[in-house]
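Okay, here we've got a single chain as structure tokens, the form predicted on its own, with questions on binding and movement later.
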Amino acid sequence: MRCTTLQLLLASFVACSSSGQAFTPVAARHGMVVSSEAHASRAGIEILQSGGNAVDAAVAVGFALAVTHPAAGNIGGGGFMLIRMNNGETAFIDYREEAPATASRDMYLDPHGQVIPQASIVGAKAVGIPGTAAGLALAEKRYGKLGLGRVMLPAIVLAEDGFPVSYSLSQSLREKERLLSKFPETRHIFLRDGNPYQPGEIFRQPDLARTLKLVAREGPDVFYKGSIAQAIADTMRDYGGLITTEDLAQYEVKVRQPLVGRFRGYTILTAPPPSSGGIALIEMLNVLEPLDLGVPNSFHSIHLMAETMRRAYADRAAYGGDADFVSVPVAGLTSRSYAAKLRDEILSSKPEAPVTAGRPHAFESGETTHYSVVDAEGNAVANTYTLNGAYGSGVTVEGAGFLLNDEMDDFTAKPGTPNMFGLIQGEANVIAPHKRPLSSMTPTIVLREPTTDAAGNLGPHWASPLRLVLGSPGGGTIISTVLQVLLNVLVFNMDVREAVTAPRFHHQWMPDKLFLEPWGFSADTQQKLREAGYKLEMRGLIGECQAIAVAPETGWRFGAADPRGDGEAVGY
């Protein structure tokens, strides 16, 4: 029912857009928050209006989504936060989950070497060491202004006093009833012991409220070295998981430098390893930069973009992994010379030609959720985090009220075997203790390159004006979603609302299919794609981008929540 409703809704958006009556984005002069859930977006704006900056608001939204969007919002998972402060300082906070110390390469294989169904997806053995609490706390400590206790207050209130269950949340809980029923604590909280929540009923989570209060008062140490850590370890022991108190105590957030790319006069800040998203995004932008993409969603533009996707995803499978453990050829994959080779190959080959991973020079769910924040001073945050599958492993920490991830499925259970998203995984991403699994998450910030002086020299990096903040959930479709929304704004000159609403397509190399959303692509275009050799497959939703654009002339912020979900853009 939900998908059918969205299809009709999006079809009407496409019709309005083609007739010149596109819905307009939310406009604000000062601050903007766009997330996948309305209460969380409003929590972020409350923090901005209370004197907080973009990082304060982003941390507030992250904890609020853990309450109001339990399918993906979390403190039992992990993710990435990309920060760009108005003085030009940038940081990529990697709070991705890690494999436990006793995890092993073949832990999900049976005695015959075959992958055990569901072993890396359901239950305690699928859980990686959570990073969200540590990551959000570190971001607040280094870049926030108000302190952890203040920015967590909206989430605590939402958990303690409750919030009205939306129609989509009630349907989501029903759709996942089989998973949520497997574990008594989960069934008690999220299915109300077999009496599922109806739309409009108030959902209170007292155990989660107590957990959030502990973290707000004592900081992340209580999660990794205190009573919450003990509760996680006890739950792991009871359900056959691997995580111990020692695993939790050794977990560390990694602060990395963002990947930097250039595209048609813009600077692209995006995700480095262990995400594959930023590498693939820059690789694809490099290939497409000099090409005339023509009209959006025409045969010509889809063909060029799909062929670029095929090659980037093949490289992802071959080379992607945790750069702290394996050599990832970042420089080679994102080089202009490598892009030129791929571009020549695309222009001279046909879609039915097989694609393999390239040889770059100097080899070295989709239930996720994304939110974007820009404050009045021009500080910006793009944050993507996840439990991996919807509601993660299905396991809730006893007495603590939060779900745990099933992030171990993002490792290579067996090289050449697809994970839950159908993504082929390579040798570089095999399981090892304390290793972080490959990700597709692609939080991205786009800057306009600064003006040049009389001698033609670019101005200082800090002077680069903010243009776009975006990201998406969607498993393997995250990267292609970010690519398309970015191109919609920068190349096809759509406003940000049109850009996130436009129909999307996706090709991830294997399976060798071109996936299309079932609206917005003409019968003629589809026929041309088939005649060219593409194997088309319709699917419901591709991504759920939450984006903020900044007008170059005025500095006004324009926010757009993707209509594929229940998100909200809120500004002031």
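Residue indices: 1-based, along the sequence shown. Bear in mind the structure is a predicted one, so any value in this text is a computation, not a measurement.
If you look for the form predicted in complex with a small molecule, you will not find it shown, but the lines that follow are about it.
- With the partner omitted here, the stretch from 101-109, 475-483, 253-261, 114-122 that lies within 4.5 Å of the small molecule by heavy atoms in the model of the complex is 475-483.
- The small molecule in the model of the complex is not approached by R436, whose heavy atoms all lie more than 4.5 angstroms from it.
- Put simply, D94 is far from the small molecule in the model of the complex: not one heavy atom of it is within 4.5 Å.
- Not displayed here, the small molecule is approached by M441 to within 4.5 Å at the level of heavy atoms in the model of the complex.
- The closest heavy atom approach of F421 to the small molecule in the model of the complex falls within 4.5 Å.
- This chain is drawn without the small molecule; in the model of the complex, the residue among T132, N383, T368, T396 with a heavy atom within 4.5 Å of it is T368.
- Of the residues given (E140, E407, D315, E283), E407 alone sits with a heavy atom within 4.5 Å of the small molecule in the model of the complex.
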